[in-house]
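As structure tokens, one chain now follows by itself in the form predicted alone.
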């Protein structure tokens, strides 16, 4: 059974993907459509990429990440790392060189220096992971050092 964010389930959303100067917009009218959007996103990412997912509380950030995990073949239910700060999921089969998804929720960070405990540079050093960050606006300096690898997704 897939759990969904009820506020994201209740009404349509618009998701905007930004890679460098390229902007793509997609309508996500209901929860079922998140998988189609996630399928589109998976074709745009590779090992070493960082997905910076922004949007208001309840916009559907975690619902999107659950859909992305599913289309990448992860069978384990992906949970929000709001309290654990980070969760890691291995793909059952490598997809375009991606072996693992690292999911970080920066919502509770009071200051960007708190990010140091997660040691994300070390986590990404294997070259086969994709980092997905909810609330990227909490870690702008770290993300700016990785701008060339960052795919931004904003959910309205």
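Residue numbers count along the first chain shown, from 1. What you see is a predicted model; the values in this text were computed from it and never measured.
Omitted here: the form predicted together with a small molecule. The next part is about that form.
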| query | finding |
| --- | --- |
| Three-residue site 29, 57 and 62 fully in contact with the small molecule in the predicted complex at 4.5 Å by heavy atom | yes |
| Partner contact for residue 146 in the predicted complex: the small molecule, 4.5 angstroms, heavy atom | no |
| Proximity of residue 138 to the small molecule in the predicted complex, heavy atoms at 4.5 Å | no |
| Candidate stretches 127-135, 89-97, 114-122, 44-52 - the one whose heavy atoms come within 4.5 Å of the small molecule in the predicted complex | 127-135 |
